[in-house]
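In structure tokens, one chain follows: the form predicted on its own.
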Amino acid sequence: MPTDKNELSERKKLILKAIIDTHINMGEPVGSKYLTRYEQLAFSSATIRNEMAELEEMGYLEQPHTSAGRIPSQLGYRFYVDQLMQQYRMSAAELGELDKLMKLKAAEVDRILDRATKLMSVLTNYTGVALKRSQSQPTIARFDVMYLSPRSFILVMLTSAGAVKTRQLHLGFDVSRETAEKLAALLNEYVAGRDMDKITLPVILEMQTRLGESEQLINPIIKAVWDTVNEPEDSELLFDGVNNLLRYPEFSNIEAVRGVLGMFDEKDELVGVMNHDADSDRTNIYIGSESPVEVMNNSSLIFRTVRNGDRIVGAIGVIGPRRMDYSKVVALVDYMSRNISKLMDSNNLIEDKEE
């Protein structure tokens, strides 16, 4: 059974790191005799062998039935990423290629995610992936309410794009039907047709005053409207270097190949994963079954959002085997995401192709 990370001794950490580094580079199960040649490990073969057996019992290593060596488990990779991975220093050649991308002219930035996807594939030998969000942000054209009970009603919103959105609200206090109808009228007066950045604190305070004793209803309603307006609409998923994955033995099995290729055909699940974490200002790392995309059990996904000012315009990342060079990929994804965001922000490039 997996144990707490604090139960790993420094010696176990050193051996686990050595196994994972070696397995990432070579792709083969790692044995104790091989590790005796590892510079950072001044332990005997017997000591290493005993520690490897304990790491396997703890869930950090697995032993393929065809080999005496071990390979990292999903838990082992997660511990490695969170605790053991060293920061990757990009080479001058890698920085040069990345910086070429950052010198695009303003008119070319609509293609920057496509170019970034190709570059990520070339630099990592995995599959580059990018999410490009639609940059049109709708407003709410009209509000209605469907009263269900004193503590529940449905807010119905017709967007400027003609879509109907609903939010069911469950309250911790009673609201009358008349109050719910008054709320809809206030929303149509103060919010309908306005961008959300125009719904300032004075506007909210005035709505609260107008609503009287039920003023506490305004804040959750404004949040519901905000969440609706900021829901990702159409998102385009870009790939490059899908064939790169087929070079790795993890995907030599025909079923594994079908699963990976199926993932790229059925993009909705992957879009959902990348959109779900889009608001987080960090590099997201999904290892194996940590991703809700079932066919990615043998794969890892690393991505980070791209922003234009405060608005998320997409994400850039990499899909590869669980035996991924995490340190390098994290460094590349982080560098590219931050610098594309700076480029877009400096050019004030908020695209709106719906206009």
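Everything numeric here is computed off the predicted structure, so don't read it as measured data. Each residue number is its position in the shown sequence, starting from 1.
If you look for the form predicted together with the DNA, you will not find it shown, but the lines that follow are about it.
The DNA is not shown here, and in the predicted complex it never comes within 4.5 Å of any heavy atom of residue 289. Though the partner is left out of this view, residue 69 does reach within 4.5 Å of the DNA in the predicted complex, counting heavy atoms only.
Under a 4.5 angstroms non-hydrogen atom cutoff, the DNA in the predicted complex lacks residue 26 among its neighbouring residues.
In the predicted complex, the DNA sits within 4.5 Å of a heavy atom of residue 32. Distance criterion of 4.5 Å from any heavy atom to the DNA in the predicted complex singles out 52 from the list 52, 324, 296, 312. Of the candidate stretches 69-77, 204-212, 244-252, 218-226, only 69-77 has residues with heavy atoms within 4.5 Å of the DNA in the predicted complex. For the candidate spot formed by 11, 43 and 63, every residue has a non-hydrogen atom within 4.5 angstroms of the DNA in the predicted complex.
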